[in-house]
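Next comes just one chain, in structure tokens: the form predicted alone.
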């Protein structure tokens, strides 16, 4: 490459280094130090990583994050795939209903969290009113350690099922018609067509939605912090909430940086695993 062409890529390189590479290198640097808010720091090597894995609260936060991600990924993927299958067919007012269906994902997470926080209120919330109206007992929702994570995942499901629907709907629009014509000639039932043709063909697209939702669920912060602040107790304290407390409540910058690095490695490993699974599910 000639020297004159370097100037064409120099702006992109500078921006990449400034907003991606340098912050990550500095985060790793901080994670190797006992870093105080006052600026004092002492090099301690990998001690922050060792102390993180020795902290039961950190391990518990990992489990809660994983459980929250399972809820927040499984339900939107199942419901979004079902919705995409419905909206893929022609029917009256399809465009209007599809527009209404995707409206939740247009709202900001904090606004959504504030609305759902009012709905979750044990005495004044509309959700318990609806339960009572059909003869079911009221629930404590986010005010009970046993139901707080499923309740928060319900909000995630409501907001991000439309995103999965749009992704899968795009995949359905690109499917070839020949397998369906062959199935119709062979007398296949609609459910057989879906299970043996549609689902295998669209599975790589569904796994893309799984990867995107997994990354988004693992890094969820604003929704949880706005509704519960990690409570009751530590029942909804995911890694992001724990990280926030470490950095901005306990002022342990070095340990917080180590948690960031660990969290990043976890997300990359899960994403690579899901992408490898996607390659193996390509239909031939």
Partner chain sequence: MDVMQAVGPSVAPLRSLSPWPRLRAQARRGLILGVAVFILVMPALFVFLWMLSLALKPDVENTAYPPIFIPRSPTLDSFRQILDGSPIGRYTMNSAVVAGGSTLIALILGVPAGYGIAKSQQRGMLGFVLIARMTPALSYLIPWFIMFRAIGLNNTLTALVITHLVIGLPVVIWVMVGFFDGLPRDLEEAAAVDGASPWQAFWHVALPLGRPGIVVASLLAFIFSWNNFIFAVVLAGRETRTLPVLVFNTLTFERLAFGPLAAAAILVTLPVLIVTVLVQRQIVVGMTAGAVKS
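The term rigid core refers to the maximal set of C-alpha atoms that superpose within 1.5 Å between the two forms. Residue numbers count along the first chain shown, from 1. None of these values were measured; they are calculated from a predicted model.
Unshown form predicted in complex with the partner chain; subsequent notes refer to it.
Problem - is_contact(residue 71, the partner chain) in the predicted bound form, heavy atom dist at most 4.5 Å - result: Contact check for residue 71: no, nothing within 4.5 Å of the partner chain in the predicted bound form.
Problem - Heavy atom of residue 188 within 4.5 Å of the partner chain in the predicted bound form - result: Residue 188: yes, in contact with the partner chain in the predicted bound form.
Handout entry: Contact test in the predicted bound form: residue 23 vs the partner chain, heavy atoms, 4.5 Å
Key = Within the cut-off, so yes.
Practice task
Could you confirm whether residue 198 comes within 4.5 Å of the partner chain in the predicted bound form, counting heavy atoms only?
Solution key: Within the cut-off, so yes.
Handout entry: 30, 60, 44, 235 - the one with a heavy atom within 4.5 Å of the partner chain in the predicted bound form
Key = It is 30.
Handout entry: Candidate from 203, 75, 140, 119 lying within 4.5 Å of the partner chain in the predicted bound form - any heavy atom
Key = Checked against the cut-off, the match is 119.
Handout entry: Contact set, 231 to 249 vs the partner chain in the predicted bound form - heavy atom within 4.5 angstroms
Key = In sequence order, 240, 243, 244, 247, 248 come within 4.5 Å of the partner.
Practice task
Would you tell me if residue 94 moves between this form and the one not shown by 2 Å or more at its C-alpha, with the rigid core held superposed?
Solution key: Moves: yes, 2 Å or greater.
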